[in-house]
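Before any questions on binding or motion, here is one chain by itself as structure tokens, the form predicted on its own.
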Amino acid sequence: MQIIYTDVLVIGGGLAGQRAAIGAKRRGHDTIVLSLVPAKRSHSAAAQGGMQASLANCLGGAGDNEDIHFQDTVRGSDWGADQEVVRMFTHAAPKAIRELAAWGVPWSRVERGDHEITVDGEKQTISENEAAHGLITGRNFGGTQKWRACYVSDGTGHAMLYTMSNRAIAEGIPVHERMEAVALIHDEGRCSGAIVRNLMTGEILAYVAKATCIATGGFGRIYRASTNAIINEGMGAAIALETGRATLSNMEAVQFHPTGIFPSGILVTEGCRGDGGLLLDANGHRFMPDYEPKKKELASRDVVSRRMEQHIAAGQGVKSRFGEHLWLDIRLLGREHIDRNLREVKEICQYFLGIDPAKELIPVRPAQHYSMGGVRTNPNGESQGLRGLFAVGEAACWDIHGFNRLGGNSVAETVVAGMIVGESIADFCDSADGSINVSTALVEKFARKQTQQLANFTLASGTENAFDLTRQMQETMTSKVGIFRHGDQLQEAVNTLQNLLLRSRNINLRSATRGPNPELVAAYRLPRMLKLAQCVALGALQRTESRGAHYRDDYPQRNDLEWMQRTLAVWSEAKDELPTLSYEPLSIMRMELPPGWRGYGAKDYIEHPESALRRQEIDRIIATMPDADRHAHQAALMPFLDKLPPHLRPLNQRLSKF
């Protein structure tokens, strides 16, 4: 068996993984990136609409700053986020976007003079400032007060990923493609690399590293209807879970995007609605103002998705041979706007639906889109249960999203977290904790275990089919752990997933091929996907409240009194059939923005008494500083700058001082 030694091993070749790798490499540490696919084919390329950063360049973003971005993100999370980390994120986002511009991302820019836009179904004319001409512009997105989603037409992720990959190549970072990490090497609470399977040859290798970073994206493919790429099966989070030491957090927090094209589920960007598109029902009626008269189509994603499903359940859906759906109308934006700013949407509609969105309505229905849960980390990105293991991006619960993510904050998190965690990894490698003394016996022990598990699949004479069991898991998650959840259905899902996990130990393979063997891959990934699914289902069953994207029909109120806490999941023993759940309290008395009303629906939630106490304390602190600016106020309420690398601490510059 080949053993490859490096300082830093990054598992995942998307935006988050490559940015973390660049940070570590620039500090002088040998770094290797593993990727299931060629790096430029990573799922990061699928991001369309934009990256949130409070630049305040365009007219719609005038007055924006880190404070407003922070408030939007915390409210969007339904007060489930780590507010210190949200502050780190919103402070560094403008720096990240300008760094990407310097590296070559061709961000869409402000153009001086008069422009026609569509707002609330009506055409308006705005005039952009002469001084802003040529600066990075932004578009409107759901759940935000300002236009801050910086974009490259509607191919934002594609442009960002190609630029990031080119930067990694320039830094001399090797990307080992078509490699899958199948286990983490660990001993006595210390991670020292990974056991890896070559997907082309079937060979088992070992990568030994001072620091290991998981950046494998989300786990959307545990659901049937998902906007995720087929590689998004959550294997990074799963192998962390299987250590029995690393914890996963908030796994029940799963976001559904309002506009997956129907029936395939392929994403249509939120930029369609941000640019002025409308949601219509079977009668051509614009229904969102009936539910959310203030934000309408640009309410937060979890809210819009629920309202859409609610409207379909009320008999207002469009009937088709594939089921019911609603319409997205971007015809009013005009062909010129679509050709310029929504080109990918146009091509998706042409290739997958055979329609012209400038003339025809787009059939849409919510589909699973994003995982707020992942490997629980501290603000430095290190696992709280396994030293030397870091996580970044959608695979991590860093935790800026809480129980619902704002559109555009995901691609922003990939590069911002990558910037910060890359420095943390380098700091770790430079410290005494970074030194490792790993015996080849330990490495070979983990390699033998994985080799034997793969051999067991090819030698077994079972009766189960991996693909059939995968479909049953996906159907269970979609029908019973979806947008609307209920205790009885969640218990049924937990029971079904337990049964499927037991059956997954009795899989029969028709081919014993070592190399490219989709059946073998499905067989060894399935039990891990089932463990992730069980973390979602059991977490949803035990959380008897509604918060963000987690909505319980039988517990429709947000309950701050009992549930102002983060879910933690561990899988203690391989033979276990269920994860062990525990809870991490969120300290209201340390929050800069204590829990309150999100701004959607009725003001119907169960308040924690500390929320009022913290608001009083904040008012008292601010009253003692009558001459201080907003930065001084913020520092007095919740200091965070010391958690950032020194070069990311300076204040951001804008056209005007707000």
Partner chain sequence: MNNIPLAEEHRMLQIQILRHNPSALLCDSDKGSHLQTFEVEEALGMTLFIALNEIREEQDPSLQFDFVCRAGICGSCGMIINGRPGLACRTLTKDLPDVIVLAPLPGFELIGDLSVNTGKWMRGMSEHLETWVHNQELEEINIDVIEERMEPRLAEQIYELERCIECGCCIAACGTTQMREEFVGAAGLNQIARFRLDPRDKRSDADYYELIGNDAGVFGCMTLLGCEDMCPKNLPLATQIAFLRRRMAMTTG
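What you see is a predicted model; the values in this text were computed from it and never measured. Residue numbers count along the first chain shown, from 1.
The same protein also has a form predicted together with its partner chain, omitted here; what follows describes it.
With its partner chain left out of view, the stretch that reaches within 4.5 Å of it through heavy atoms in the predicted bound form is, among 102-110, 269-277, 490-498, 446-454, 102-110. Taking a 4.5 Å heavy atom cutoff to its partner chain in the predicted bound form, the contact residue among R471, R505, R335, H285 is R471. This chain is drawn without its partner chain; in the predicted bound form, the residue among I606, V37, I622, A612 with a heavy atom within 4.5 Å of it is V37. Interface membership of P527, defined by any non-hydrogen atom within 4.5 Å of its partner chain in the predicted bound form, is ruled out. For the chain shown alone, R26 is a contact residue for its partner chain in the predicted bound form, at least one non-hydrogen atom being within 4.5 angstroms.
Although the partner is absent here, R510 sits close enough that one of its heavy atoms falls within 4.5 Å of its partner chain in the predicted bound form. Its partner chain is not drawn, but in the predicted bound form it has a heavy atom within 4.5 Å of T163. Of all the residues from 321-352, those having a non-hydrogen atom no more than 4.5 Å from its partner chain in the predicted bound form are R321, F322, W327, R331, R340, R343, E344, E347, I348, Y351, F352.
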